[in-house]
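Just the one chain here, the form predicted on its own, laid out as structure tokens.
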């Protein structure tokens, strides 16, 4: 008997955590933060602990798997985005089992979470034997962070494919294409746990190469010889940062990366030799410790381009500190601010971003928004994925009920029947197959 326990991510975009119970064994897939609640707690300057985060719904509530805790053989992390890995710090120590993940994600966990769980590194497109009955495989997919994967769980009953945070990008700016060849080889997928984030978006998600061209068009067409240039994207989006670094060099400026989360993700990637930013740019982890340097840079802003944290309007992030005149680095009238990211669709984050934009407008900055392509597949990407792997069952995840219902509607168009072989559930519920 297979039981799928929806711990988190079945009612919201984020807080992803699923437990697969296979007879007398079980695996946990991902342990993520719900960023809206987590950001709100950060702004209150509350010292984080497991109890507070649980009470505020910022991390998954794992009571649904409390009775099978001794069955759990491993925590498997698909990639290093915070809504998939951010809760490991507080939750993993409660489980006496290893964490199994790819090298980049392992490096990020090691850098940001002090935990005693053994971390087992498995290369992308490689397999690992959990037990005599269970094997996992990390299948490379394109997304907006290095070494993103779908996880294949091989069980005595067939394969389960955990396919969150996926798109099929034929022109990635960093890393390899989605391993469609391997996905086509899977001939006994009994369940696909599928990404619903963009299931309600018609068409196909564009390649990361399109974001490069959008940035290029802005940077090479503006009259900005004497003006400051500020760019922001997700701290984990190493491919976008790589594009920024190249284009900034091409326009004759020096790139400066500022912010703790940017530093952690970049350092993790450099440790594995996935990139080499530090030879070509300045990396500043703590802006307040670099006031003298930032003051000098501020006097000749037109020689630099500043890639900073804060695209979601986080109150303690670098862009907000600059907008609030809390740093030596300032935004002057006609300086350029490029948001190369979408706004995470949650109330707190949307409100914070709006406040930040209003502050930038009052400073008379030139603002460019949505210079971005998503890392999540849209409706037609998901249709192709279902066609490629031909799962017996589909479970919609990584979305609120409207998004998950959109995936169920798509599956229905392809011959699946809601309640029979396409499924919706809420956090805390269990699906038996």
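These figures come from a predicted structure and were not determined experimentally. Residue numbers count along the first chain shown, from 1.
Below, we refer to the form predicted together with a further copy of the same chain, which is not included among the displayed structures.
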Assert contact_stretch over 258 to 266, 291 to 299, 133 to 141, 197 to 205 against a further copy of the same chain in the predicted complex, heavy atom within 4.5 Å, equals 197 to 205
Full three-residue contact with a further copy of the same chain in the predicted complex, heavy atom 4.5 Å, for 250, 275 and 279:
no
Any non-hydrogen atom of residue 401 within 4.5 angstroms of a further copy of the same chain in the predicted complex: yes
**Study point:** Exercise: residue 342 in contact with a further copy of the same chain in the predicted complex, heavy atom 4.5 Å
**Key:** no
**Asked** Are any of the heavy atoms in residue 11 no more than 4.5 Å from a heavy atom of a further copy of the same chain in the predicted complex?
**Response** yes
In the predicted complex, residue 36 touching a further copy of the same chain (heavy atom, 4.5 Å)
yes
Note: exactly one of 187, 316, 213, 254 sits with a heavy atom within 4.5 Å of a further copy of the same chain in the predicted complex, namely 213
Near a further copy of the same chain in the predicted complex, with a heavy atom at 4.5 Å or closer, the residues from 355 to 370 are 355, 358, 361, 362, 364, 366, 367, 368, 369
